[in-house]
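Shown next as structure tokens: one chain only, the form predicted alone.
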């Protein structure tokens, strides 16, 4: 069975006009003889009446004391409204469809309400409906436990739903439709000559997404990567092919031999605070105590650097004072805080084993009088921490240094 999974985000299903574009893409897929599964998010963004954040605001306005189980029941309503509305519009076009909740679609999760993990997917019901010639519309962002409790999957949950179903159904592609043409070499709001990318690897996309690119959730890409299901990131308002996310060998097979580019893109994450702690001689277990305390209080840490004389890491700006108070009150440590920093990431599968990349990064930033507060690297990414006021200048300088406006997609 030739199956395509399409996922449409909140802005794609927000209005009758955008839903017409959704139906256009559905019709195209049916014309190409695909059996079609459509995953939808709740309509619109915060402020829209049925958006997830709007539903959450109902809880906050009424004291915020709703238990996680009941919160998931509330939040699951947004996708149901979206799915049934789309089904109604398809019916007026003569297209048969059926709406399935995440649980009815076979998405089984653990019982971690509000941020559940998918345990398994049983697509039997979806196959049955597809064999009857129906478009199967699945509510994104949700599943159910083995004992029938409704759960939600946390941020990016609809992307995760789509790729999990793509894997279970052995889909030809998973198309993630959003409000941009695909993945760019940098944020076009910062870099005017940012260039669309025709293809990226799973690893590159995960790193771009983790480090600030918002077009797709990294967890969704990680799921697709497990069985090499190709993902296309596309614009709802366009017929453009978008960006293909797959592994390197699959790229060569699908779109021809591609240029082995060094750098794929530059991304950024603002509003982080650097925390530095001096380590005295003999305090070999201090790093364990520090990070255990952060974990105990639910503070996520990033950009970790540990050496015999110093511990450095970052937290979000809005958690910095809490983190500092924990260090003072519970460990007797006076940390040095550097607030309003930004993490700028240079991502590319071609980085591994290539000398001189860090030198070019340092050169680009030095030419713009940008101070590097901290750095780290992996086989696909080099990160630098800079002052928040230097973030835009740093992204532009790196994009220019690596000539990403001239990126060769082929």
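Positions refer to the first chain, counted from 1. So that the term is clear: the rigid core is the largest set of C-alpha atoms that superpose within 1.5 Å between two forms. From a predicted model like this one, the values you see are computed outputs, not experimental measurements.
Another form exists, predicted in complex with a small molecule; not displayed. Remarks below refer to it.
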Q. Does the small molecule get within 4.5 angstroms of any non-hydrogen atom of residue 18 in the model of the complex?
A. no
Q. Quick one: is residue 329 in contact with the small molecule in the model of the complex, heavy atoms, 4.5 Å cut-off?
A. no
Q. Does residue 187 reach the small molecule in the model of the complex if we count a contact as any heavy atom within 4.5 Å?
A. yes
Q: Give a yes or no for residue 333: in the model of the complex, does one of its heavy atoms lie within 4.5 Å of a heavy atom belonging to the small molecule?
A: no
Q: Work out which of the listed stretches, 109-117, 223-231, 80-88, 187-195, brings a heavy atom within 4.5 angstroms of the small molecule in the model of the complex.
A: 187-195
Q) Of the residues 146, 310, 179, 128, which one places a heavy atom within 4.5 Å of the small molecule in the model of the complex? A) 179
Q: Identify which of 168, 213, 263, 272 has a heavy atom within 4.5 Å of the small molecule in the model of the complex; exactly one of them does.
A: 213
Q.
Superposing on the rigid core, is the Cα displacement of residue 399 between this form and the one not shown 2 Å or more?
A. yes
